[in-house]
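Starting off, we have a lone chain in the form predicted on its own, written out as structure tokens.
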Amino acid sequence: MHVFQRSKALTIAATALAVAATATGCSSSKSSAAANVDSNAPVTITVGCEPPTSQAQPRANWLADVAAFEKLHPNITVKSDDANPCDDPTTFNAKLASGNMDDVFYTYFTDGPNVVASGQAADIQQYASQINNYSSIQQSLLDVYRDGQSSSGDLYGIPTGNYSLGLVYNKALFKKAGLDPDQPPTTWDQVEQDAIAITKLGGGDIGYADYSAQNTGGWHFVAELYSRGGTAVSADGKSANFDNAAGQSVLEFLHKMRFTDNVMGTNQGLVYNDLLQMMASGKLGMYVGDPSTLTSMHSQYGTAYDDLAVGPMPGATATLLGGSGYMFNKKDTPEQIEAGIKWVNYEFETSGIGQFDYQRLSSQNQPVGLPEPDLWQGAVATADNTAKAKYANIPTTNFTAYVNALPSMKLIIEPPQAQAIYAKGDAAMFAVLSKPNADIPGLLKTFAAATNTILANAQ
């Protein structure tokens, strides 16, 4: 449920191309390298999520990277697919069922379990040792692409980008309202009080806003549920787990903000880009989002980075983790799988090249310094952060509160069948934001019943 601002590289240093394969102590019985693969045989792979022509610089970087990659691996031909969006929820399942995915296809984290269950993805466990920095990739991200989402399951994909939700806020409005722009609220009660202060400025300023359409309402319901200690589904993933006090607290709080505090405006049914546009226009104080939305506001609306910041998810105990990665078509030959892993390594898994070529990004006036993607842990993460800091061109201190809080927070992956559940959650969110007499217990029961049906049908 996240729009990635994907960054692509341009100039590749030959010495950086020797991507080291790092073996890991995976528990699977398939941990040995694939056998009987001719790594020098000519092979062609189709790869999804080439930036579209409307994204001129990222597309140019992608094409340059493909050319450099093919020069490094002359036996591999990369045919890029620029279908946009990379993963269209309205067509993804049909395309998957028909077996028409690219050889190396892009997925959101929310798609991983469904793709594995569909049988349309190749099991790449035996190739895992070929993934660059494999042992340093955060295990929670790898588990998204494992069978059963368990560390003991076989691997079916490679995470290439991730985000954790926090509280995006407008520093300029905070200053105008007499609030400390360097001290974002860390509890929902503080959000309410700051929203009241901002709305009192008048002139159409809105303290806080939230989504309620196109699956974004359900997405934020789940994120805010996590922040209050709740979970979307039971531990076995078979039933809804929000028709309770935690779920009720999410909807009651929003209803109070909307109709008692009157700090959320009157226009509801908002979708993803609406909140970005509202904040970029200087009329919105806060919304739940992640650091990449600052890039969207800057690139689409020219909003100054100095006026925007991100704090931790209110509650500062748990937040929703999302992201994307690549999976491999079950029809792929072993040679195509190995070639695909080499491409993913090159473009997405190596600090200094591809999406992590900070020098190139800085030279192109693209943002450097965002605290995401956040793929690695340990020494690899430290080295990458050092490289990033060298070329940072945005005010990284505007993420300090967010970055400092994350290590102590529980990062929770989106629930199974996330998109279908989110779609049902929209109705509950829209009702509490548009109906003064909304029946919150009834809305939760209806939402939970729909979720139970979705989960049962997926068994």
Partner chain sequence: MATTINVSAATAYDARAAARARRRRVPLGRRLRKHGTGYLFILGAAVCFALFSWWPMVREVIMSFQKTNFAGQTKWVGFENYRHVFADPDFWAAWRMSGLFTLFALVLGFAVPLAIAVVLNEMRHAKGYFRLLVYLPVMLPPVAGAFLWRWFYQSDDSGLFNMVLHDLHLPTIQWFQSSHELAVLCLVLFSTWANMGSSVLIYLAALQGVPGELYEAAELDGASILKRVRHVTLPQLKLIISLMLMLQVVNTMQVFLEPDAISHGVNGTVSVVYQIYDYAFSSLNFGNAAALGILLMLVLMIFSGIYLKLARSVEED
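Residue numbers count along the first chain shown, from 1. Just so it is clear, the model here is predicted, and its values are computed rather than measured.
There is also a form predicted together with the partner chain; it is not shown, and the following applies to it.
Picking from 419-427, 37-45, 400-408, 62-70 the stretch near the partner chain in the model of the complex, with a 4.5 Å limit on heavy atoms, gives 419-427.
This chain lacks the partner; the member of N162, N345, S212, S351 within 4.5 angstroms of the partner chain in the model of the complex by a non-hydrogen atom is S212. Of the candidates Q183, N267, T260, S281, N267 is the one whose heavy atoms come within 4.5 Å of the partner chain in the model of the complex; the others do not. Though the partner is left out of this view, T293 does not reach within 4.5 Å of the partner chain in the model of the complex, counting heavy atoms only. Among residues of the shown chain, G369 is not one whose heavy atoms approach the partner chain to within 4.5 Å in the model of the complex.
Contact annotation for L96: at least one heavy atom lies within 4.5 Å of the partner chain in the model of the complex. In the model of the complex, the partner chain stays beyond 4.5 Å of every heavy atom belonging to I440. Contact with the partner chain in the model of the complex holds for none of R228, V380 and P415, as no heavy atom of theirs lies within 4.5 Å.
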